[in-house]
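As a starting point, one isolated chain is supplied in structure tokens, in the form predicted alone.
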């Protein structure tokens, strides 16, 4: 007899949602978490009475009624609306690209004028775009590309836009409305007590071992349970036997400032190449805070190396081909299910991650 029905590697959203559903069915679960805290990249801590997103801004948004009801059944969400701004050499522009952006940049006031100016600028691209720079100009024109896309993208990817494939930005959100809401989803907000509280509700009653690296004793841990839900890197699981998949990493610098309001908004993107960080997050604005001090985090993109946290899969053609080879190996692991952002080598918004975990639970736990 195995000690557990499910061994779940990773305590992020995917693993925690599956554990919650399994425990509701009376299954015994063991969570192994490499870090010293639960929650993966949505982990939050309290600093100066402010809920701090330790691994970058996380704004929950969805149009899926089932998912929205699910999370609200666990935690109360506030009514935060994501309306970031971009700073280009001290010029401030609303994001995503909308009439407020165009009005300031082009000195116009109507959608017809904005469309005409963008059409004029993007006419310089003839034929099929050959790289990301040409793709961006063909979509929104050179001025928006130069001020709001070029530097930010080059920092994110660590490469010149002319050296990046066009499919990375096949389409850019462009709104000919005065609307600064970044997302189009019906529902949006942040847990009032922070995301750690949400994970705690999901894992209530489940055995969790922190500071535990599954890969250091893989066979030993696999022997503990009938089935393993693995949410770590798929190439890491197989000891990189086919080569390493590409990821982008991040570095965060967080500091407490003795001021009430540093930038007036939760997220400011810094789009010029010369500034090394991509954005500054001011955490109190996620919860409409009025504390006497504030906490900011500067976010620096970084090349990923083994031992660093992999944040973004680089889903270019070469990496996707390599992932398919790993996926074939994964299908041969009889009692292991690979899931989540790293296990499936794909970017997941939080609602899509929950949706995928619920779908797995529905099929896996069917009686």
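Residue numbers count along the first chain shown, from 1. Whichever C-alpha set is largest while still superposing within 1.5 Å between the two forms counts as the rigid core. Here the structure is a predicted model, which means the values were calculated and not measured.
One more form of this protein exists, namely the form predicted in complex with uridine-5'-diphosphate (UDP); it is left out here, but the text below deals with it.
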Quiz item: Exactly one stretch in 153 to 161, 257 to 265, 238 to 246, 200 to 208 has heavy atoms within 4.5 Å of uridine-5'-diphosphate (UDP) in the model of the complex; which is it?
Solution: 153 to 161
Quiz item: Do residue 95 and uridine-5'-diphosphate (UDP) come within 4.5 Å of each other in the model of the complex, heavy atoms counted?
Solution: yes
Quiz item: At the 4.5 Å heavy atom threshold, is residue 182 in contact with uridine-5'-diphosphate (UDP) in the model of the complex?
Solution: yes
Quiz item: Does any heavy atom of residue 269 come within 4.5 Å of a heavy atom of uridine-5'-diphosphate (UDP) in the model of the complex?
Solution: yes
Practice problem: Indicate whether residue 312 is a 4.5 Å heavy atom neighbour of uridine-5'-diphosphate (UDP) in the model of the complex. | Solution: yes
Self-check item: Proximity to uridine-5'-diphosphate (UDP) in the model of the complex, single hit among 172, 296, 287, 222 (heavy atom within 4.5 Å)
Solution: 172
Quiz item: With uridine-5'-diphosphate (UDP) left out of view, which of 125, 275, 168, 105 would have a heavy atom within 4.5 Å of it in the model of the complex?
Solution: 168
Quiz item: So in the model of the complex, are 27, 70 and 228 all sitting within 4.5 Å of uridine-5'-diphosphate (UDP), heavy atoms only?
Solution: no
Quiz prompt | Core-aligned C-alpha movement of residue 133 between the shown form and the other one reaching 2 Å | solution = yes
